[in-house]
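Shown next as structure tokens: one chain only, the form predicted on its own.
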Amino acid sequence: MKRMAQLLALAWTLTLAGPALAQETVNIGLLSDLSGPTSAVGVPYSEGVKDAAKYLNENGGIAGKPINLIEVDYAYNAQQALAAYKRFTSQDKIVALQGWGTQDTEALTKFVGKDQIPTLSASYSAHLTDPAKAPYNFFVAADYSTQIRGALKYFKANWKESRPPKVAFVYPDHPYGLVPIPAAKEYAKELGFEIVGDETVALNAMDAMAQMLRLQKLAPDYVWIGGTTPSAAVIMKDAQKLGFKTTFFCNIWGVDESLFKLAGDAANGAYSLQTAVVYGQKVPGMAVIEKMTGGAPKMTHYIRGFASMLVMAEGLKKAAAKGPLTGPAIKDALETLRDYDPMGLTPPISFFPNDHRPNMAVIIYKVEGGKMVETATETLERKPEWLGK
């Protein structure tokens, strides 16, 4: 498996750079989980990054230089991520990094800061948006805390009963699942929710019956799921078996197009918090993606990966227009982005020297009849006190 991943990574490097490897290239590292516990969502995300790099190369690359995207499958193992990063910086001489999840992003934050390697990852933890703590970290989605706040705001605004709505939280006992919970509970209390329960369900869980039994007794109106799609499906199916009726709302990684196969009609009525369009929506970038994929549907994770590469490329282009592509130059260029539109694939992106929150917009989808149907977009105030929390 590891040998196959290495061959795939080499194949992608050769495909993206082609004959231009002999010339000067823009070397970018890509850490992916293609075989680990988050590979169900990691694979489509990495495909989006790679297809975007291919598209950019077909359209002039970065100031005429092709992107040489160097991929490593680190299998969601922090030590393997560190080893790959050392190779990226010592041998491959990368100027920027496309990261993946909480494991690698958290492990590498101090290193990318020290080495001045701008990093766009898919770990949307709020503390990574504070340049005082993570000066070289960026991402293109509203952070996990903002996502939950947006959903809570939406549910409260649409609550019709005189009593306070009840909310419970289900998440893996893992940094990815734990990070947004304090912010979520604080905002829920501020809005007038009654918090009635907490349960942990592992990312690789095969059963959540005991947790659902305990929550059923507490009768929450809303239940937050902070895992990934496979564990969300287990939770929803076990709740259905018990006749536990509640409204589930899920982390950005907890609902995607695979949920309908995994959970069946148990997924109906659940809400998905997203920060990108879903495949087929009529935005300029979708025409590009549909052409590149031959019309084969792709997950929303793919679309965020595609957008992440577009945003990184915009920073690279701005930096290249002023001089050599150094880490500080790329970072400074990214921090000048104001309402940058990645072809409509996500809400507009803005970064500031003292605030790396890309935006405060959460797109809320509802699962209906096996489809993700756009319901609302909540855009929150960019409150200073929420930065990094």
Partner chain sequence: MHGQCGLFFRTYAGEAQLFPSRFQKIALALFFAALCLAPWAMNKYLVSILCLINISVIGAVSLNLLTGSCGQISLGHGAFFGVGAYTAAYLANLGLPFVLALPGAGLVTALTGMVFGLPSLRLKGIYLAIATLAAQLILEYVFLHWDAVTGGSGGMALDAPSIAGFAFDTDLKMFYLTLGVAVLCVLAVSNVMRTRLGRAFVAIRDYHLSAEIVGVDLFAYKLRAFGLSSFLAGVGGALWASYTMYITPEQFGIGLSVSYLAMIIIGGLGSVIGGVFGAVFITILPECLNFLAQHAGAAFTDLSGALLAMKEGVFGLVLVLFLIFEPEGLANRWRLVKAYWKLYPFAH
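The model shown is predicted, which means the values in this text are computed figures rather than measured ones. Positions refer to the first chain, counted from 1.
What comes next is about the form predicted together with the partner chain, which is not displayed.
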> Given that the partner chain is left out here, which of His174, Arg214, Lys153, Lys185 has a heavy atom within 4.5 Å of it in the predicted bound form?
Replying inline: His174
> the partner chain isn't shown here, but in the predicted bound form which of Gln281, Asn268, Thr293, Thr89 has a heavy atom within 4.5 Å of it?
Replying inline: Thr89
> Counting only heavy atoms and a 4.5 Å cutoff, which of 28-36, 53-61, 345-353, 327-335 contacts the partner chain in the predicted bound form?
Replying inline: 28-36
> Is there a heavy atom of Met360 lying 4.5 Å or less from a heavy atom of the partner chain in the predicted bound form?
Replying inline: no
>> Whether Lys166 contacts the partner chain in the predicted bound form should be assessed with a 4.5 Å heavy atom distance threshold; does it?
In response: no
> So, in the predicted bound form, is Tyr222 in contact with the partner chain at a 4.5 angstroms heavy atom limit?
Replying inline: no
>> I'd like to know whether Lys241 contacts the partner chain in the predicted bound form, with contact meaning heavy atoms within 4.5 angstroms.
In response: no
> Within 102-124, which residues come within 4.5 Å of the partner chain in the predicted bound form, counting heavy atoms only?
Replying inline: Thr102, Gln103, Glu106, Ala107, Thr109, Lys110, Phe111, Lys114, Asp115
